[in-house]
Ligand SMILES: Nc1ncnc2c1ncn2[C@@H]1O[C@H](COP(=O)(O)OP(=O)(O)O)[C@@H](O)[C@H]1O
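Given as structure tokens, the chain that follows is alone and in the form predicted on its own.
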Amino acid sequence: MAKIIAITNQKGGVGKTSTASALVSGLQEKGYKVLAIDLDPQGNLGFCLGVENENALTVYELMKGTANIRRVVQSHNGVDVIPANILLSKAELEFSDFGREFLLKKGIAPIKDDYDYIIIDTPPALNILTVNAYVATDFLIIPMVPEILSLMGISQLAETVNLVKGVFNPNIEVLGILLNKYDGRRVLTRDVEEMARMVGTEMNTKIFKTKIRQSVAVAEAPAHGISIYEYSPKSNATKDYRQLVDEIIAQRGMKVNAKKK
């Protein structure tokens, strides 16, 4: 059965989609069978991974129950992707029936055994889409940038995690806090890192040893339709993401035997 990881932070601009895309491609590069789920109405993860999201069935139809999961999964460069588009922005209003928190979990249940890892990219909000991701997932990774406002977002997110853990998904675990756009020379970076470490302790988690250094390649790779590993194999960010993938796999309960493709 797949290990499911949701990338989450209610604050935008912290590198959620870049992190999700890098994990998907990095795990696939190591021979694992990976499914990427875009749960953000902006559809950026699908774009980064090179799939069609405008004239295609998406996670919206899957959660609405009008399309089987086998029909919404697209394959590109060895990775399977369930895309999203702007239709998903109607979720808060449309998904109002009892049990709406379980729509994603129910939708992906038939294919969980087909993959080694499932990576979910969440929207920059604590809404019904985010709750669906938390209910469906095993682990959370919380990206942040070394800024005070980013840190405040994690404190607010902790309340939602505890609510979901208490009511819907008692097994959810925060795998770690990931520092993006990292520059250890800045005093603010070091100060925020220390505060993030304290917040992590309160959430029964830690800061990843790997920090993702700032690199223009992170922003440029999606425009070329290829992963950062292909676009800029020698950049600092590429080295950091590879190290992050290794760190995640090495954590307790995260190692899996790769399925035959």
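Keep in mind that what you see is a predicted model, and the values were worked out from it rather than measured. For every residue, the number given is its place in the sequence shown, counted from 1.
Another form, the form predicted in complex with this ligand, is not on view; read the next lines as being about it.
Novice: Please check if Thr66 has a heavy atom lying within 4.5 Å of any heavy atom of this ligand in the predicted bound form.
Specialist: No - in the predicted bound form, heavy atoms of Thr66 and this ligand never come within 4.5 Å of each other.
Novice: So, in the predicted bound form, is Ala22 in contact with this ligand at a 4.5 angstroms heavy atom limit?
Specialist: Taking the distances in the predicted bound form, the answer for Ala22 is no, it never comes within 4.5 Å of this ligand.
Novice: Contact with this ligand in the predicted bound form for Val14, defined as at least one heavy atom pair within 4.5 Å: yes or no?
Specialist: Yes, Val14 sits close enough to this ligand in the predicted bound form that at least one of its heavy atoms falls within 4.5 Å.
Novice: Would Thr205 count as touching this ligand in the predicted bound form under a 4.5 Å heavy atom rule?
Specialist: Thr205: no contact with this ligand in the predicted bound form.
Novice: Partner absent here, but in the predicted bound form, which of 210-218, 53-61, 193-201, 31-39 has residues with a heavy atom within 4.5 Å of this ligand?
Specialist: Single hit among the candidates: 210-218.
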